[in-house]
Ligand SMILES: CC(C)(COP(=O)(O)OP(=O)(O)OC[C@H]1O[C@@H](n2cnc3c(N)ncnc32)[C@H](O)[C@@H]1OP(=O)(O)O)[C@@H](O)C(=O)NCCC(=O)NCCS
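There is one chain below, alone, in structure tokens, taken in the form predicted on its own.
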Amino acid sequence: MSRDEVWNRIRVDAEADAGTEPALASFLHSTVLSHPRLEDSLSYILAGKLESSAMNALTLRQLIDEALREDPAIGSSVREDLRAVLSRDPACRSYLVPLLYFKGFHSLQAYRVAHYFWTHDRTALALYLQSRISEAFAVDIHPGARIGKGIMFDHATSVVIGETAVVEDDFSMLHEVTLGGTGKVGGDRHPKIGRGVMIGAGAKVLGNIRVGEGAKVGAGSVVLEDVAPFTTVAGVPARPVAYPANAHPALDDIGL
């Protein structure tokens, strides 16, 4: 058995599901059980979801495998993201579920591959992948953005993250969140999000501003100014309204 605890649990759950639901046995074999490592399973899954008439799944898988092989930190981030989803999302009962079914997880891992190529002077390929990720998952993350590990995008539809955005570790957000620019300036123009931040559905954080560690942004808010650490803001425009119950609200169960 592998020493990879996350991968071992994924395989056990896949075998159990294949036994109880024979109609899924072939699917589970091709996506999980036929692969020796989590990275191999993930590359197979992402390639199948991102393939198009312009680039087939085989070519995509070779590119994804290259990124995962050359940058082992991606694999570490993948595992931390799986742990984040399992610990924070009450709708998720195993690591297998986000690996197979959650487009927030898929879009984030595909971004990690695009970011690898962006930082290795293959910008045309990175931008192509950004476009396909947006088409496939309705999530638009510029490959130049810098995103940490232990990240959860819940539901994820209509998420937008700009080129110069920075997201630190242990971050959670829901759907329709924008980490964008104001449209008034160039250069470094997108938000910087501290560790442990939680951003609610539909919130817009705009401009080169900082949302401090442990802050929480209420659903539907528009944030145009810095947010102090360990502070809850809400409204349009957002203003401080409270203090989160815990130091890192992103780590809380989201309750959906």
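Small disclaimer: the values here were computed from a predicted structure and weren't measured. Throughout, we count residues from 1 along the sequence that is shown.
Quick note: we don't show the form predicted together with the named molecule, though the next part is all about it.
Participant: Just to confirm, residue 219 within 4.5 Å of the named molecule in the predicted bound form by heavy atoms?
Facilitator: Taking the distances in the predicted bound form, the answer for residue 219 is yes, it comes within 4.5 Å of the named molecule.
Participant: Evaluate residue 235 for contact with the named molecule in the predicted bound form, applying a 4.5 angstroms cut-off between non-hydrogen atoms, and reply yes or no.
Facilitator: Looking in the predicted bound form, residue contacts with the named molecule include residue 235, since a heavy atom lies within 4.5 Å.
Participant: Residue 33: heavy atom within 4.5 Å of the named molecule in the predicted bound form?
Facilitator: Residue 33 lies outside the contact set for the named molecule.
Participant: With a cut-off of 4.5 Å between heavy atoms, is residue 201 one of the residues that contacts the named molecule in the predicted bound form?
Facilitator: Close contact exists here: in the predicted bound form, residue 201 approaches the named molecule to within 4.5 Å, heavy atoms only.
Participant: Okay, which stretch from 172-180, 137-145, 73-81, 98-106 lines the named molecule in the predicted bound form, with non-hydrogen atoms inside 4.5 Å?
Facilitator: Of the options given, it is 172-180.
Participant: Which listed residue (149, 155, 132, 122) meets the criterion of a heavy atom within 4.5 Å of the named molecule in the predicted bound form?
Facilitator: In short, 155.
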